[in-house]
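Take a look at this single chain, the form predicted alone, given in structure tokens.
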């Protein structure tokens, strides 16, 4: 095969991907960064700040992005990449790319019934959807989707097991437990905007509406979620369901070891998108030690700061089985609704496939830690 034929072969499998093919009217933004810029123009300031913002000085929010600039790829050459496979299997479900939509609050700040809209976009692109509630309405509408239920936990064994049985009956493929949300965090942008947490279900006011906020954010800090959550929770849930239980919010290698010890089926290296505690380690910097601590016994996933296909390649070379994206699909949602979510997922999937090929690898299983180097 000559160079021109190889190039045509590469472009044919990229452009033919259902993750990439989208309508021509969405060709304005050409990457996730441009989607965010456009979304900022379209969204109410309260909504944009809620989604884009982090906690306090936003050190960790910025670190999640900045850390990728210190990890550099070391490609291999002279390998046959005329065919490249980015598919992945997670707990019995095969997806065309190792990209999941992460659980994010505040989708209704963007559009009414937004969880169901995102669920339909995930169904259209065969993307796994991790959500607190939104998949169920889409399923009721006839949408066929693979979804994981996300929870911050329940305070008692009885309530935890009731939740687990209910979620399994409704068709979830796994349970993720977000474990770094013991209390509501101190988010300066929301406090400054006097963000009303009632907006989470109703959407923000139109610009010409004058009603004062009902529940300004100054009262939200220290609001408890599940501060009594311990490792016993895994035993509670596993006693009531056959679903995989995945722990989201792990940064310490010691907690990775404990997750394995207590029977978790997987962990997600996450700092809540820089929205929960400021000054904690960036996720891609935390990833290698957690992977080492887990020792291949259970899969390790990662979220935080994913904006490019090369970010995904770096994470997977460092041992992640897949990644979750939170803000990026919301920028697509704000710009073009369901089609925008599909477009964002398509861009990330296409970039991933191209970056994998340019690294000289024909599938994700060929990635390894020798292909990345931390500089600076």
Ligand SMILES: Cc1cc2nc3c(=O)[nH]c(=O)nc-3n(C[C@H](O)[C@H](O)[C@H](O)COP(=O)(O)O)c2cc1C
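Numbering follows the first chain given and starts at 1. The structure displayed is predicted, hence computed values, not measured ones.
The same protein also exists as the form predicted in complex with the named molecule; that form is not shown, yet it is the one meant from here on.
*Asks:* Among 119 to 127, 292 to 300, 236 to 244, 267 to 275, which stretch sits within 4.5 Å of the named molecule in the model of the complex, heavy atoms only?
*Replies:* Residues of 267 to 275 come within 4.5 Å of the partner.
*Asks:* Although the named molecule is absent from this view, report whether residue 51 comes within 4.5 Å of it in the model of the complex, heavy atoms only.
*Replies:* Flag for residue 51 set to yes.
*Asks:* Would you classify residue 256 as touching the named molecule in the model of the complex, given a 4.5 Å non-hydrogen atom cut-off?
*Replies:* Flag for residue 256 set to no.
*Asks:* With a cut-off of 4.5 Å between heavy atoms, is residue 330 one of the residues that contacts the named molecule in the model of the complex?
*Replies:* Taking the distances in the model of the complex, the answer for residue 330 is yes, it comes within 4.5 Å of the named molecule.
*Asks:* With the cut-off set at 4.5 Å between non-hydrogen atoms, does residue 150 touch the named molecule in the model of the complex?
*Replies:* Result yes; residue 150 sits at the interface with the named molecule in the model of the complex.
*Asks:* Can you work out which of 325, 334, 322, 32 has a heavy atom no more than 4.5 Å from the named molecule in the model of the complex?
*Replies:* Checking each option against the named molecule in the model of the complex, the one that comes within 4.5 Å is 325.
*Asks:* Among the candidate residues 174, 287, 99, 102, which is the single one with a non-hydrogen atom no more than 4.5 Å from the named molecule in the model of the complex?
*Replies:* Selected residue: 102.
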